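Here you get one chain, nothing else, as structure tokens; it is the form predicted on its own.
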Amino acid sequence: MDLTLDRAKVRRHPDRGRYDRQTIDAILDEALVCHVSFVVDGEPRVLPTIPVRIEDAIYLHGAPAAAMLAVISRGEPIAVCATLVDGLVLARSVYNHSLNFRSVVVYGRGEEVMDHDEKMEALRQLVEHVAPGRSQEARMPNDREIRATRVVKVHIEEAAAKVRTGPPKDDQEDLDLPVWAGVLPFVPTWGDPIADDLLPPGVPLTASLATDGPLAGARP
């Protein structure tokens, strides 16, 4: 799909802009949280939520009464942003400190998902995005729970990624300062599972949480 670049084009540090779908999709597919910007009664709002990308749309879910989902359902313009932190960039001067990061900004309009099968598949893929393998282990929503959940999809009309990599960029006159400079990588990992207090004795970890499972060790 071709994307227009009116609003999404990277203007500050344009050399960091990435416009290929491979980069944009990879960042969206790794992000566990995005922030959605929208307008209610002329006032700007922004809320965090869990996204899942399916082809050329971002699917979101929540309570039917949620203002954000109501705006999306009406097809009003919104923006979605996802950011991944890869490292702390420590320069010789505080002014030149930075972050290595990957981010995506998406502009688009949405609609409510009314088809039952599409709704169920979006929720299944959302679970798999956050916890690979979990949809095969836990009970999926029943009809009552489906009715109590609004699912919307935001069509990706414009999108751009912005990526910073590499070492600090100090000024020439600061290079001889006796201050350590470099990059401190940020590598998120999952901790050890903590069982629910109400879990009956003897219930083992599911396959997704096993030592060699997709949720063990580093974040998927």
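In case it trips you up, residue 1 is the first one in the sequence shown, and so on. What you are looking at is a predicted structure, and each value in this text was computed from that prediction instead of being measured.
Omitted from view is the form predicted in complex with a small molecule, to which the following refers.
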**Report entry** Option from 145-153, 124-132, 101-109, 69-77 whose residues, in the predicted bound form, bring a heavy atom within 4.5 Å of the small molecule
**Finding:** 101-109
Query raised in the report: Hey, in the predicted bound form, does Leu209 get a heavy atom within 4.5 angstroms of the small molecule?
Result: no
Requested in this report: Report whether the minimum heavy atom distance between Ala31 and the small molecule in the predicted bound form is within 4.5 Å.
Outcome: no
Requested in this report: Flag Val183 as yes or no: does it have a non-hydrogen atom within 4.5 angstroms of any non-hydrogen atom of the small molecule in the predicted bound form?
Outcome: no
Query raised in the report: Should Lys9 be classed as touching the small molecule in the predicted bound form when contacts are defined as heavy atoms within 4.5 Å?
Result: yes
Query raised in the report: Ala57, Ile50, Ala160, Ala26: which sits within 4.5 Å of the small molecule in the predicted bound form by any heavy atom?
Result: Ala160
